[in-house]
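Form predicted on its own, single chain, as structure tokens, below.
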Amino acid sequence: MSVLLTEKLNTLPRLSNRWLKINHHKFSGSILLPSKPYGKDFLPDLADGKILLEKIQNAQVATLVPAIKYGVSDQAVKLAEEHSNGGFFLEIPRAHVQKEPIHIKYHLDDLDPVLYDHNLIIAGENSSATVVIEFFGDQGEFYHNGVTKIFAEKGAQITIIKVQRLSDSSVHLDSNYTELGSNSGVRHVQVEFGSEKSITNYLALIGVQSKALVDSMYLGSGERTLDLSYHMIHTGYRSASNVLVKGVLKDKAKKVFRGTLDFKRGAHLADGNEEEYVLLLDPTVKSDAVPLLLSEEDDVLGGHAASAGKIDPNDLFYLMSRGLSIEEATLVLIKASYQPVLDLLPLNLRQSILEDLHQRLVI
């Protein structure tokens, strides 16, 4: 059974002139609904019995409710919640420090071509952990529609790493909501390498003296469409945020980046920054960026920037003068542009990403 997405996706919180055609993403077509539960084991076995990690239950879904609307669209979020066939509940107890990353793996194939995952993470006061969530599938037409909610209590320090490497004929919808208590910190690391249509949305409510960080990297090739939305809402005194996005586009890929720094009344002395840098490898790509700054408070600091351009020919010449071919030199410069995000990944995952990057760029 399929459903037609009728709502506009990733709509800007404040609309621009309509002729720019960047206020939202218009999804054309339908997505499949799950016909059965996700059948693979996607949860790791944890030696530490203090952490609760299990498949999500209806009672856990109702534990915490987001304070505001969020996600790719209301319809997409509702579908993911009501038709979820996968998902997990993770609770990290107060003052617990999890040294090893918790690795969740969603593998899509002919047996499990549709995944609607509903994930809930609760980080107790002064806890610390890293959670890796992977979506991958090599060949086939896959559909993913997911919701992830993170609630970080006072003093918690959490890193969420999401890696999407689905086949080039897949649809990927991913909605993320983060709520930060006072003096907490949440880092969201995003890697978008797959899917024909990749529509992602991240919203953070940033409390008193808390910090929300986003580090993202994407690769658009073929005729892929990427639509990335980040909305950082500062609600607390001396709250901080930073969004850093690194991208590469080739062939006929299209991308829209929407980044919003939103300072609400009471966010006195808040500090926010957002930046996107994209390398354009072919003249046939299309790259749009909407860095948006909203403020209801006087004494705040907000910075935004977006840059798109070709690889510097002087850098290419320098590397080629050292014996590299133009393809090898280009790959080196692309890896260098991704490095700030790659450095945040666990070593084994970083190596896997680099191998995948090489395969996607070198024909």
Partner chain sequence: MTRNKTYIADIERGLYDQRDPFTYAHKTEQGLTSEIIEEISNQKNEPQWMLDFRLEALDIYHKLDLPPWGPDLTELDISNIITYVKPIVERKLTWDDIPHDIKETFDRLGIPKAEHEFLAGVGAQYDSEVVYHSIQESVAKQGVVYLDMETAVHEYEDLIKEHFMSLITPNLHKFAALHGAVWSGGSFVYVPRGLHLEIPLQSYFRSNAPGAGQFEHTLIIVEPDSYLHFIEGCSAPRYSVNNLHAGAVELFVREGSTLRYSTIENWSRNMFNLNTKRALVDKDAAIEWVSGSFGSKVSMLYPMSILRGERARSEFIGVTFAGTGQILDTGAQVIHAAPYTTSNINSKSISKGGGIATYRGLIKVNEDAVHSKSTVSCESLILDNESISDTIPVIQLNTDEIDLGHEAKIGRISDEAIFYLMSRGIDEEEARAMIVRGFVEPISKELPLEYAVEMNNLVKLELEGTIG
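Worth saying up front: this structure is predicted, and the values here are computed from it rather than measured. Numbering follows the first chain given and starts at 1.
The next section is about a form of this same protein that is not shown, the form predicted in complex with the partner chain.
Of the listed positions (E328, E297, D315, D48), a single one reaches within 4.5 angstroms of the partner chain by any non-hydrogen atom in the predicted complex, namely E297.
V290 is the sole member of V186, V290, I122, V208 with a non-hydrogen atom lying within 4.5 angstroms of the partner chain in the predicted complex. Contact between D74 and the partner chain in the predicted complex is not found at the 4.5 Å heavy atom cutoff. Using a 4.5 angstroms threshold between heavy atoms, H304 counts as touching the partner chain in the predicted complex. Residue contact with the partner chain in the predicted complex: L347 places no heavy atom within 4.5 Å of it. Using a 4.5 Å cutoff between non-hydrogen atoms, F263 counts as a contact of the partner chain in the predicted complex. The chain is drawn here without the partner chain; in the predicted complex, the stretch among 128-136, 267-275, 168-176, 106-114 whose residues come within 4.5 Å of it by any heavy atom is 267-275. Along 28-58, no residue reaches a heavy atom to within 4.5 Å of the partner chain in the predicted complex.
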